[in-house]
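As a starting point, one isolated chain is supplied in structure tokens, in the form predicted alone.
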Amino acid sequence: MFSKACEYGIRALTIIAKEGEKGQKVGIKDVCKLADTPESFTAKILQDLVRKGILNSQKGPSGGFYITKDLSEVALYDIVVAIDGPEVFRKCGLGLAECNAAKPCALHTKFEVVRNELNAMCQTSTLETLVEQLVLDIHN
């Protein structure tokens, strides 16, 4: 349901948040190694998240990416909307331009349930909950 950019962004943010708990900034090479994502594409995603205020970055030898917000206040929904836009929670399951209750596609009723569950999960999941489930140490 999410784009590759969104998947990579969520994985990268989770790693950055985990390292942030230890007071560490994380460089793009380490993020990509741990997230198993392509460096140039991930860098673009993260820079976009910096511009949108979800993430921070610092240049230089002691630089890297970090998060200053309370992780419990960064909902997965906010991340998904920042990367993929709100359409992910509204678009047709078959990709039709016009699909609604008045003119439904063949999957409309069933897919609406899936979209609503995805929306609810993203609203209630935070970076904090994702980090709690991540076991990782990049300094080994």
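None of these values were measured; they are calculated from a predicted model. Between two forms, the rigid core is the largest collection of C-alphas that superpose within 1.5 Å. Quick note: we count residues from 1 along the sequence shown, nothing fancier.
FYI, the form predicted together with a further copy of the same chain isn't displayed, but the following is about it.
Original post:
Applying a 4.5 Å heavy atom distance criterion, does Phe111 contact a further copy of the same chain in the predicted complex?
Top reply: Yes, contact at 4.5 Å.
Subject >> 4.5 Å heavy atom contact, Val81 and a further copy of the same chain in the predicted complex >> reply: Result no; Val81 lies far from a further copy of the same chain in the predicted complex.
Original post:
According to a 4.5 angstroms non-hydrogen atom cut-off, is Arg11 in contact with a further copy of the same chain in the predicted complex?
Top reply: Judged by the heavy-atom cut-off of 4.5 Å, Arg11 is in contact with a further copy of the same chain in the predicted complex.
**OP:** Answer with yes or no whether Gly93 is in contact with a further copy of the same chain in the predicted complex, where contact means some heavy atom within 4.5 Å.
**Re:** So Gly93 counts as contacting a further copy of the same chain.
Original post:
If you check Val26, Cys32, Leu46, Leu76 against a further copy of the same chain in the predicted complex, which one has a heavy atom within 4.5 Å?
Top reply: Comparing distances to a further copy of the same chain in the predicted complex, the residue within 4.5 Å is Leu76.
Subject >> Output flag, Ala5, Ala17 and Ser62 jointly within 4.5 Å of a further copy of the same chain in the predicted complex, heavy atom basis >> reply: No, none of Ala5, Ala17 and Ser62 comes within 4.5 Å of a further copy of the same chain in the predicted complex.
Original post:
Would you say Lys59 moves its Cα by 2 Å or more between the shown form and the other one, aligning on the core?
Top reply: Comparing forms between the shown form and the other one, the Lys59 CA shifts below 2 Å.
Original post:
Aligning on the rigid core, do we see the C-alpha of Val81 shift 2 angstroms or more between the shown form and the other one?
Top reply: Stays below the 2 Å threshold, so no.
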